[in-house]
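Single chain ahead, written as structure tokens, the form predicted on its own.
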């Protein structure tokens, strides 16, 4: 007799979703669905708007990673103008993106996932959150706050405000960097670099105690997709789009963003608002791939900075070939935080960063463009078509969480089959299913996060509508 378990809502993620687990006649988990229950309508909202509004408009897609949307949009708009933006403007955009990467990765690791790692999966949910972390390990909490604060300060000092800035514009950025701001940011680097190194070392030393989760949190072979540059080092702002297989063999290498549609398809399922991108040559759903920090470190040959390269060597030593466990998204995020701090220091140490030429201007010279970059959670694509007057006629946004959708589903199924045998409902077991999703750090839309008593209602319903089992928190 087929039965169903529902986890709704999934907690400590950025957005709203639920998980449905389907049991077979033997009571074993046979299928799993990660159902995104909110609609993202920006592709339709923006139709008819002038293209130059797009960076600011699409930044409102999210309150956590608005900079990613702003930059991907601006890159598409640069192509509509058919301009090459000043090198200083490109580097200022990179600084902004690294600031966002630091604050976003710090949020994911210290605020959303650390309660599971430090307090334990079975810790009472009433205190299994960041405030619970602060009570047990105040210094850990303070360090997480400081790292995230630094990332936000990079954004604020460059762009004028931390959330939804309007500094990035088609053709470059609005204003140059002042010498005072450059000095202030450089003065903060030693502190945050030490914090990044310290917590990376602490996490590495704790890996042995998480071996159970490493083996069962979306641990399977897959394809991996990310941007990298011509030297095949880590790249977030600009570069070539590459995809490798589970052995690390290069399947596709594209220097033109406009080619993405020929090898990335988007499937639709009737039970979720989130699309299912896949690698076209392998078909749907076999063309499953992963994006984000794990994919980036699996694809790039080097990071390109001294400390991060040293840490990448240790990361690669975990196994031969691409790292397969999605639990190691946490590890990869900490390496990327260190890398971003080093790159911010490198760029700010170059006097050219305060050059006054930061914007190119032009009219509409192309009517179709694709902007592509690496958001904290993975590859982000903005594809626009405009009229000759520059009005948006069509838009398509493929977000990182979409790219990971198939892998998240398989990861949930793998964990559910491990932890929920015969439909036994246990709060800690259910939290392990949620923790698989948190490892991917999905960003479904702007959201708020409750603290204290987290709402969760799970029911096991038989085919005749009878409630067989029930758990609530």
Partner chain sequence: MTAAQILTLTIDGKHVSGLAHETLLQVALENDIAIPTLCCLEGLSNQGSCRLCMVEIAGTTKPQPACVTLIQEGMVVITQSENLRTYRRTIIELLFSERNHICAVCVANEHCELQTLARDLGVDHISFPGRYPALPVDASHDRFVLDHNRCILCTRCVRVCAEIEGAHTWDIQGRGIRSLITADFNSPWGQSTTCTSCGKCVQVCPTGALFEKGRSVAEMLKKRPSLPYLVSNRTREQQ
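Numbering follows the first chain given and starts at 1. What you are looking at is a predicted structure, and each value in this text was computed from that prediction instead of being measured.
The following text describes the form predicted in complex with the partner chain, which does not appear among the structures shown.
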Should the three residues 169, 174 and 391 be counted as contacting the partner chain in the predicted complex, with contact defined as a heavy atom within 4.5 Å for each? yes
Choose from 46-54, 433-441, 411-419, 27-35 the stretch whose residues reach within 4.5 Å of the partner chain in the predicted complex, heavy atoms counted. 46-54
Please determine whether residue 385 contacts the partner chain in the predicted complex, using a 4.5 Å cut-off between heavy atoms. no
I'd like to know whether residue 90 contacts the partner chain in the predicted complex, with contact meaning heavy atoms within 4.5 angstroms. no
In the predicted complex, residue 359 touching the partner chain (heavy atom, 4.5 Å): yes
